[in-house]
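This document contains two forms of one protein chain, each encoded as structure tokens and listed individually as structure 1 and structure 2.
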Structure 1
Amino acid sequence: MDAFVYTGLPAHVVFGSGTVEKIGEELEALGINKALVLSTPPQAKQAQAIVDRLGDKAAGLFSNATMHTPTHITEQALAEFNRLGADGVVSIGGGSTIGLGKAIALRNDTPQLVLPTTYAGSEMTAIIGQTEDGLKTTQTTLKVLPETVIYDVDFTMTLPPVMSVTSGMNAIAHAVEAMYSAKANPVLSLMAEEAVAAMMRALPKITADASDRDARSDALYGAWLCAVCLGSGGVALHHKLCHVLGGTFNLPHAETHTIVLSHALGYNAPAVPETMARLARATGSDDPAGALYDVAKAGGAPMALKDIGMPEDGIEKAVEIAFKNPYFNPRPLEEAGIRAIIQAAWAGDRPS
């Protein structure tokens, strides 16, 4: 066996259907007596139900969480936290709401309990991205790692099917790259394979019937494991390309990951036979990159960067930026190969 380093992050996870019922005892275990409940505006009703459930253990509701964690929203939430005498936060939602809870914890070290409702995975990472004056900066600190995560399948039932697929593919990308990044190790690879298998089992079923509770359960279980991969693992070409493309052309996050993943994997495939063997088992296909593409397409996800806002003359610009700031990738970066995968992702071709 090759040498490796493994770093696990502390996590307390409660998983299942109806697990929100444990929220009172979980808050007590964290020593939280007055929780500020956080959500985005569309999820305010769901969050209010938690406030009602908590009774006098809730300090109140702040339902203005916003994508990319703008600092002026964090200041408003923090003022509310202090005004209401809160001593902890409960974040109900996806990465945007969890990001707000993390931003509060970054400033006052308050404990966080999270109820994730998407598959994005922020709840298992010590990473926080914040936006100030249009500029997004990211930092990693254990201060922002949520103490307790209640994965309640019931909270994911309303996630629209196409969003479930793009959110799920975004999660799978974390697991795929964790298997071949510079931080790869056998424990993460075990989780990553299981994560991809669970998610790939679930997504076609959710596409066929969004109310399939068993499939939703598999997807959330897969999302948790993918999130652990993101929190403890590393990334490579796929994430670098998505960062370049998303940042340069202002493309939507999960959709960009969904489109690029199969192409980046196709490029790296010859250099990572062990990962490809795991992915073949996980996808049930001897062409895992093609299988990922097919599941995303069948789920109605956009499959071409040109359809989500990238101009054709951006292809050369993206190739150029992808070569700036060297980073780890299992297969050396070759200009013609990188151009070919960006071109294919732009056009929406099936990976060859």
Structure 2
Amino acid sequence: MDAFVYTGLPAHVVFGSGTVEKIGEELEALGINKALVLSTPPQAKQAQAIVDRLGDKAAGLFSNATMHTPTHITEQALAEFNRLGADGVVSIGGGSTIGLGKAIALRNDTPQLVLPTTYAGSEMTAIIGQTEDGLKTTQTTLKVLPETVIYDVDFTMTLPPVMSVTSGMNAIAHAVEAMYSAKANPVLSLMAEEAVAAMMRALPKITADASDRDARSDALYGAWLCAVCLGSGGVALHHKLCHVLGGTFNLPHAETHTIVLSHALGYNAPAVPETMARLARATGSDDPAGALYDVAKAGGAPMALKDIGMPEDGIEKAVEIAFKNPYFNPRPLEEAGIRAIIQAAWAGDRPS
């Protein structure tokens, strides 16, 4: 076997159904006496229920988390954190809320407990992306890695089927790129293949019956593994393009990942035969990129960037930004090829 390096990030995970019951003791284990509970506006009611559950362990609620973690929202939340005398955060939601909790921790090193309600996976990474003046930048630091994650299948049961699919595809993208990133190794590849297989089993079942608890459990398990892959692995073309598109055109995160995934994989496929073999097993298809596209489309996910707000005249701008900073990719970046996949993603074409 070839030499490799694997770094497992520290995390305390509680997985199952009804695991929210343990939130009080988990906060106590972290030394948190007054937690600021974070959410997006649509999840404020769910977050308020956590505040009520915590009683005097809750400092209050900040329910204005926003996608792509704009810095001005972070400053508002940090001011509320200080005003209320909080000493930790509880983030309930997906990537937008978890990103806000990380942004606070980046600034004051506060401990974090996360209750994911989607499959986005940010809770398992030391990566934070922030947007300022229309430009999204990312950095990696253990300061933003949540200490405790409570995976409660019950909190995903009301996630709408289409949102489940886009969130699941976002998660799958983490596992796919971990297999061929600069930090790829056999340990992550095992997790990644299992993660994609679990997700591909679950998503069609959730599309057919959103109340299928076994499918929901499979999806959350797969999302956890996908997130570990992202946290301990690396990224390449897919994530770079999604950060460019999301930050530049203010596109919704999960939908952007869903649309770009099959096209970026198709571009890299000739350079990663071992990954394609693993994905063929995980998807049950000799055309993994097409299989991912088909599952997303069958689940009602938007399949074209033009349908989620990207203007056609933004294609050239995206190509230009994508080449500004060098980054690892298993296949050399060719301007014509990158333009072609962004054009196909904009139009919603099935990857060839």
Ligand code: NAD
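Since this is a predicted model, take the numbers as computed values, not measurements. Residues are numbered by position in structure 1's sequence, first residue being 1.
So which is it, 1 or 2, that shows the form predicted alone?
-> Structure 2.
Hinge between rigid parts between structures 1 and 2 (choose from T40, R83, M157, V187) = The hinge residue here is M157.
Smaller-part rotation in degrees, where the chain is treated as two rigid parts between structures 1 and 2 | Relative rotation between structures 1 and 2 amounts to 13 degrees.
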